[in-house]
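Shown next as structure tokens: one chain only, the form predicted alone.
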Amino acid sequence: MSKVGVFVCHCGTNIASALDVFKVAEAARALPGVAHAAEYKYMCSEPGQQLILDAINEHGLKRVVIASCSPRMHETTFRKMLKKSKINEYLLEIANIREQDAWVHADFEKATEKAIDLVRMAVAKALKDEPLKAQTIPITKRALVIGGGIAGIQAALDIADAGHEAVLLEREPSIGGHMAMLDKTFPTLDCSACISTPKMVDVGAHPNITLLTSAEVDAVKGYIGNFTVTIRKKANYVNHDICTGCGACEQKCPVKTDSAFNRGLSKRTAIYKLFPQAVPSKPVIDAESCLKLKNGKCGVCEKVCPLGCIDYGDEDRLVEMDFGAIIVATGYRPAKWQRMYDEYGAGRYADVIDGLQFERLVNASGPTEGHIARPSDGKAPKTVAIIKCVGSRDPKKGHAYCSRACCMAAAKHAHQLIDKLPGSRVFVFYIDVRTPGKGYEEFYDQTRKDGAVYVRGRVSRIYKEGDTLVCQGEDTLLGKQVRVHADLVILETAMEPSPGSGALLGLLGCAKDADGWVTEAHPKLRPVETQVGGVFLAGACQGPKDIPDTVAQASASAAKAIGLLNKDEMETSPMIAKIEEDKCSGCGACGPICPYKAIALEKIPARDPGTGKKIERLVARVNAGLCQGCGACTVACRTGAIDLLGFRNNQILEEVDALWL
């Protein structure tokens, strides 16, 4: 019988305070097949790992069971440790006596009994474990970055600077994202364009970066190191290969429509650049507004273009490219507060605007060239109300989560109002003030010293009274109702997942949480990775973030991608589904249930059982690069042809027998 070593971890007091680790180790020594058992305060530490390695050599152990925390936390750690020994790293079992026992039970004796049971089951499975060998797959030396905001820009530049090819994909006609809309950044009040525009220019000029704007992901195939992505390059009706961006077409276009970049506060032409500093600095035609494309009339832009760049017959094109790594940097969108808050006017009042609209008003390149004016009449407001958490921390109407950046955005906006409109009064309605970043608390304090009045409480409704807007709410510190007559109301709205991100995650096979944000592989140990190998995430696609955190995470995801692209080949986990083709009926039930699209039906040579003639029959095949070993296919298989290596049926049943027999 194979010699099993059992090692019980105290995990400091996480485990040891809730159960008797000494008694667990003692009970393990009496189990069939166990040749050695020991306990230690921190088994994952260097001395703890050395204790295990020494025991392997001293007692000739063939298998190892570690009773500790979740395998999600340290299974990889202990597998790496076993590579230093003579034991195959997959002859390891983790008995989770922390999350599944110590942390959920208050009864010391019963927790100890359960820990012994968990160890007994792990030992029984370990005796049935088989050595597994990892396979290797080649790596395509190119990364795809999806999203051209500051996160995508930073990630693409880091990858390109490391010497690898990067393709930056952006669905809008220009990169820049929301940061390009901002006037200043908190807490230093640096010019936002002064930070982001040079980076945008660097992207456009970098020899290792291919920039694809007005483009989206259409399909994704493959696996880590070997993704094949179909990209839809949307028709923009302007030949960018010869266009110089002279602007003659924009000046002569007779059609005016709302500018999405200026948040509806100004108009733009049907042929347009997203904003003056756009990269690429070339126009596109909005097919929904263009008279020529809608009804065949006009055509002015074609007539005035000196180089003949206009192409009304342009169509969407599909481009297929191979990548080794993918970074998701799809960002966020401001919440549609008009749908949530009828009591705030639901968009009926022109002078109730959101934070991004204010950013455009106060921006020198905005519709008012930086002069703060009411949208309704162009007059400078004398009293302004800023309402925080509109759509955030409000599960009844909006979202339960905090959007993180709103508190500092409100403080920044209050500061800008007081600075640009001397003598103006600014009231900030808040639930709590959260300032967790470097220099944030000092900035908030300075805003209050400058004269901003903070009122703790929600605004229950906004209504028109004469020429002003009345914000009615409660001051919870004073315990009384308050009414603020404001000329302008600014709503600091929640961040929501970017539109279309859900469909993209479906193509990639990535999970999302209940609010639609991308789910990371582990919030602490793998915060920029997803459960899909080779797919990383950056910025606000994972959840609300400010600019410093976004840039930091973008560089972290780029570092992960660079580490992958630096390899010529990589190992894949051998703990994947295995199909016994003799048992497979080719029904295909396993394919649709696989969340990683790792199973496909293939034809193989066979013989007709009745006539003996050569025929072809369908069998399921597993792509080792895509399979993540989740086991969903094993329960869907009607003929029992699928087993999960490392978790075979006989291994699991051995655990069950050990517990009950």
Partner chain sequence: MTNGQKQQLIRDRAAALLADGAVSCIVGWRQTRFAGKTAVCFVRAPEDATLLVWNEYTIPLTAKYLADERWTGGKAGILARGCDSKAINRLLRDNQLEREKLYIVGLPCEGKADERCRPCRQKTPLVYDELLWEEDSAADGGGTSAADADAPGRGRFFRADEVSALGIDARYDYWEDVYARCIRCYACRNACPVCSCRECYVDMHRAGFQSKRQNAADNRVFGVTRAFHVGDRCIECGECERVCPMGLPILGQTQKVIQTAEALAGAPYEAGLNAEDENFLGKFDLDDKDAFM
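Positions refer to the first chain, counted from 1. Keep in mind that what you see is a predicted model, and the values were worked out from it rather than measured. Here, rigid core means the biggest group of C-alpha atoms that superpose within 1.5 Å across both forms.
The next section is about a form of this same protein that is not shown, the form predicted in complex with its partner chain.
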Inset, instruction - Would you mind picking the one in 583, 294, 303, 438 that has a heavy atom within 4.5 Å of its partner chain in the predicted complex? - result: 583
Legend entry - Partner-facing stretch of 38-46, 58-66, 630-638, 22-30, counted where any non-hydrogen atom is within 4.5 angstroms of its partner chain in the predicted complex: 630-638
Legend entry - Heavy atom of residue 593 within 4.5 Å of its partner chain in the predicted complex: yes
Legend entry - Contact of residue 622 with its partner chain in the predicted complex (heavy atom, 4.5 Å): no
Inset, instruction - Give a yes or no for residue 601: in the predicted complex, does one of its heavy atoms lie within 4.5 Å of a heavy atom belonging to its partner chain? - result: yes
Legend entry - in the predicted complex, residue 618 touching its partner chain (heavy atom, 4.5 Å): yes
Inset, instruction - Once the core is aligned, please say if the CA of residue 480 is shifted by at least 2 angstroms between this form and the one not shown. - result: no
Inset, instruction - For residue 509, decide whether the Cα shift between this form and the one not shown is 2 Å or greater, given a superposition on the rigid core. - result: no
Inset, instruction - Superpose on the rigid core, then tell me if the C-alpha of residue 469 is displaced by 2 angstroms or more between this form and the one not shown. - result: no
